[in-house]
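Consider the single chain below, provided in C-alpha cells and representing the form predicted on its own.
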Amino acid sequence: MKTYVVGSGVTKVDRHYDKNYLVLIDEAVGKTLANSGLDASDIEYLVVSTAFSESILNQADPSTYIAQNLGFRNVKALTVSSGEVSGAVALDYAHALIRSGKASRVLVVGFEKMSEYPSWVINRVYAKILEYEVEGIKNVAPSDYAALIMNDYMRRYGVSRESIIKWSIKMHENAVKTPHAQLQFTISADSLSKALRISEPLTMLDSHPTSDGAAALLLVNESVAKKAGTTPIELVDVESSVNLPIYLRDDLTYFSATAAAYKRLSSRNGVKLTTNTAVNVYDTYDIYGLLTIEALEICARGEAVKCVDEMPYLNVGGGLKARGHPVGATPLYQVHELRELMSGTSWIKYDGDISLAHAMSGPDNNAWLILLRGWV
C-alpha cells in the first residue's frame, strides 16, 4: 500500500519568545488541514517528533497535550524522540502505519523551542546529541567535531577555506526567497575574516542558528489521496544507517552511514541522484552539507565545492544553515519544502519526478533518507 503526503504546513522559523510550542503547532496544523481538504475528525494517529522537550520545556509525552490542545479526542497519540533525526523517525513510523493498513490518515507534527534559555544553556542541551559518557563529560561540543572534520577535509583534498563558505552563501540566497526561513539575508566570502570564531576554523557563518518552529505533514493511503483537495506527493521509501563513533573512524571526511543508506535506497527503488535532483540535506555546518552530497554520490569525493553552483535544487528552503534548525521539526520542514517544489507552489520551478530529504544526527552518527515521488 502506498503512502502520500496530501497536506503540509509550517511556521516561520525564528526565536519565538512570544509563542509557546502549542501555539506554534496549532498554526502549522491549521495550515496543513486547510490545504489537504480533510478535517481534524478524519485523523486516526498523531505522531509527534521532538528532540529536547523534556530538557528544555520540562515536558514529557507532549503528544497527549498537543492532541488535547488541537481538540483531538479519539486519536491515537505518541511521541518520537531520536535526536536530530526525530522527524525522520516519526515519518518512518507513519509510513509503516499506512503501508501496513493499520491506518489511512496519520498526522505527523514536529516542533522544537530552542530559545527558552540563554545560548550557553541551549548549547549544552544540543550537545546531548553526542555520547555523554565519552564526549559530553569531556565538554566536546558538536561544533568541535565540525571544525575537526573541516580541517581534515581541507588538508586531504587541498580545498581552500574560502571555497567552503560557498555553501553558506548559497543557503542564504535561497533563504531570502523562502517566507518561512529564519536568516533572510545574504552573506559573502568577504565577511569570513570578520566572523565570530566558534572552533577554529569554524565560524558563525558556517553554523546553523538557534531556532524555534513547528511543522506538520498529513500522510494518507492511496484511496484517501485520490479524494484530497491538493496534488498528492508519494512518500516512496525511508532508509537509514548508523555509523561508528567519530573517534573510531578511519576517515573523518566520509559519511559512511549516509552512503550506506543511499546505496540500499537507490538499489531498492532504481533511482540515482544527479546535480539536477531536488535534495534537502542536513547542513548543521556547511562542511556537513558538502560531505553529504558526496556520500549521496552526486559529486566525487573532494569535489563538492565545485558542485554547489551546479545544483539548482539544493536545499531550496535555505537548509539548516539559513532556514534554521528547529530540531524535532527539521525533517518535516524539508519534506514540506520538497512537496511545495514538486507540486509547483515553490519559488522555483522543478520538473523532476523524484526528490530526497536527508536527516542526520551529529556528524553522520545516524543518517536517514526519505524518498519522494510526484503523483502519477
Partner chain sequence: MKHSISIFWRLKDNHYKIYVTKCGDCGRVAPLKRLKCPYCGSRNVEHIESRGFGELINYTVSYYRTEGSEQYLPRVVGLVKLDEGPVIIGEITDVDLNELSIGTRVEAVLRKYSSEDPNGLIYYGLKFIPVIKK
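Please read all numbers here as calculations on a predicted model, not as lab measurements. Positions refer to the first chain, counted from 1.
Omitted here: the form predicted in complex with its partner chain. The next part is about that form.
Visitor: Ok, Ser115, Asn123, Gln184, Thr230: which has a heavy atom sitting within 4.5 Å of its partner chain in the model of the complex?
Guide: By the 4.5 Å heavy-atom cutoff, the listed residue in contact is Asn123.
Visitor: Please pick, from Arg197, Lys102, Lys177, Arg264, the one residue with any non-hydrogen atom lying within 4.5 angstroms of its partner chain in the model of the complex.
Guide: Only one option qualifies, and that one is Arg197.
Visitor: Does its partner chain get within 4.5 angstroms of any non-hydrogen atom of Ile169 in the model of the complex?
Guide: Judged by the heavy-atom cut-off of 4.5 Å, Ile169 is well away from its partner chain in the model of the complex.
Visitor: Using heavy atoms and a 4.5 Å limit, would one call Asn139 a contact residue for its partner chain in the model of the complex?
Guide: It does: once its partner chain is placed as it appears in the model of the complex, Asn139 has a heavy atom within 4.5 Å of it.
Visitor: Does its partner chain get within 4.5 angstroms of any non-hydrogen atom of Tyr247 in the model of the complex?
Guide: Yes, Tyr247 sits close enough to its partner chain in the model of the complex that at least one of its heavy atoms falls within 4.5 Å.
Visitor: Mark Asp237 yes when one of its heavy atoms lies within 4.5 Å of a heavy atom of its partner chain in the model of the complex, and no otherwise.
Guide: Asp237: no contact with its partner chain in the model of the complex.
Visitor: Please name which of the stretches 157-165, 247-255, 68-76, 276-284 has residues with heavy atoms lying within 4.5 Å of its partner chain in the model of the complex.
Guide: Going by heavy atoms within 4.5 Å, the stretch is 247-255.
Visitor: Since the partner is left out here, which residues of 127-148 would have a heavy atom within 4.5 Å of its partner chain in the model of the complex?
Guide: Counting only heavy atoms within 4.5 Å of its partner chain in the model of the complex, the contacting residues of 127-148 are Ala127, Tyr132, Glu133, Val134, Glu135, Ile137, Lys138, Asn139, Val140, Ala141, Pro142, Ser143, Asp144, Tyr145, Ala147, Leu148.
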